[in-house]
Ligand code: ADP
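The chain that follows stands alone, in the form predicted on its own, written as structure tokens.
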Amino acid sequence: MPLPLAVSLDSVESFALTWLPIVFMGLIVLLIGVTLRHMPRTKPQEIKPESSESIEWGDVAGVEEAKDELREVVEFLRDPKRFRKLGAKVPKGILLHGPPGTGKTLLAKAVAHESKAKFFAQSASSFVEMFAGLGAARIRRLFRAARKARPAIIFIDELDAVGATRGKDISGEKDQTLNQLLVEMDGFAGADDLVVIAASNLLDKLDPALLRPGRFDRQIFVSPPDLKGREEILRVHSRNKPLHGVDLDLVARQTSGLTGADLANICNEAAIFAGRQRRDVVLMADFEGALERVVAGMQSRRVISDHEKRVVANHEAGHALCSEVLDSVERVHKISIIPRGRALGYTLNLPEEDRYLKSKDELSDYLVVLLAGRVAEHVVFGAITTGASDDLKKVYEISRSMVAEYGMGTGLKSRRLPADDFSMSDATRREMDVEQEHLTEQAYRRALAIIMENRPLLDELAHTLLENEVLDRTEIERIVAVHRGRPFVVSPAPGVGPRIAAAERLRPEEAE
């Protein structure tokens, strides 16, 4: 009887040893097949000129230099014979770089519409896969389709996703994809009438081989717009909105440093504000509310105690007081103790003109303004709170940059000291710390002197702010005019002459 059982066990074991590996391998093959079948496939996406949201040159404002460069490419693709007679060749690549929101992708859409050429748009991140070789294959497929459709333009958005410096990718997939892109742009299979336009926010991280002539011949910096450019952008984004009594020139002056995307958001928020009030037109007050929301954040519903309100009011009044006293600091446009975002209050300083350079005296005065909030808390209440944490962070960053980046210290004036320089001696680092401490302590003492000498104005600003919660420029000037009989006392920085008091800058009619 035991013999048949033994025979049965042997047959099962033989069957398992023979077929289980085959079944296991079959399951693996099936799993790989299902994975490949459901893997996102990236095909070259041709965008018709009439389908690219109809973006024309007139719809792109504030980036005139970039538009002029791209117009040449459009004209070459429309009439190549005119340039070829002169021996000119179309640039193989154009790299648009700059801060986010300045209009790089919008420029590419305008080129797609204006050139009437075949336009292939692809995001660089779509080339990156976990399987080696797929990114390079997708690059080859994209360029093959574009060459068949010449004249054509290839637009690669966020180029830094595959264009970063080689040798830093562990898997090697990004390096292989970048190598294929380099070969396609300037290899043996080069072709005319094919232009590659790329956009990136991180120019310093791109591989040097991408940036040489023959690949990206032109590198166009798309900067935030100037005053004229901001006004043009506001007109573009508000031309389909019923404006009433809106001074776009004033709005442009109040938005220094903002990008085109920020300005478009302000126009949209202003229309939303008007719709919320059930009005048929957009007023200047709507733009002011939109600017406040974009710059300071959304209004919070948190409830703070009366004591905290007094602390916040004196904190913001300290900022405003020093801003009025120091001429080099932008004038205060609005003070508020209404919580917005993570802040319990804010002081909004808006420049009267675009500035691209800052002197040591101007940065030192800005440190005084930043520290004035904490100083006011200590002077009025004899204690300090955590409300100045963001101010202290900015003070650290600015003072560190003054010493290490701009050579504005007392002893370290002739060299730059980058933070990632690990060959720097301990003595130099110690000297940097001493220089930085000197700048911040000097600013703290100046802020203390200004607030102590102008204490009545501080109290008046804080008291009015507690009553109204918001003070605009007109109200601030009225309060300052009341104190004209008590001239501001300014604690000048070493080597700086006396400054004109803010009260003296007021015209006689403003005091009435």
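Throughout, we count residues from 1 along the sequence that is shown. Please read these numbers as outputs of a predicted model, since none were measured by experiment.
Missing here is the form predicted in complex with adenosine-5'-diphosphate (ADP); even so, the following discussion is about that form.
Of the candidate stretches 101-109, 267-275, 74-82, 322-330, only 101-109 has residues with heavy atoms within 4.5 Å of adenosine-5'-diphosphate (ADP) in the predicted complex. Interface residue remark: Glu65 is not counted as part of the site for adenosine-5'-diphosphate (ADP) in the predicted complex, having no heavy atom within 4.5 Å. In the predicted complex, adenosine-5'-diphosphate (ADP) sits within 4.5 Å of a heavy atom belonging to Asp59. Under a 4.5 angstroms non-hydrogen atom cutoff, adenosine-5'-diphosphate (ADP) in the predicted complex lacks Val368 among its neighbouring residues. The closest non-hydrogen atom of Ile233 lies within 4.5 Å of adenosine-5'-diphosphate (ADP) in the predicted complex. Just one of Gly135, Gly163, Gly260, Gly93 comes within 4.5 Å of adenosine-5'-diphosphate (ADP) in the predicted complex, counting any heavy atom, and that one is Gly260. Taking a 4.5 Å heavy atom cutoff to adenosine-5'-diphosphate (ADP) in the predicted complex, the contact residue among Lys334, Lys118, His237, Arg310 is His237.
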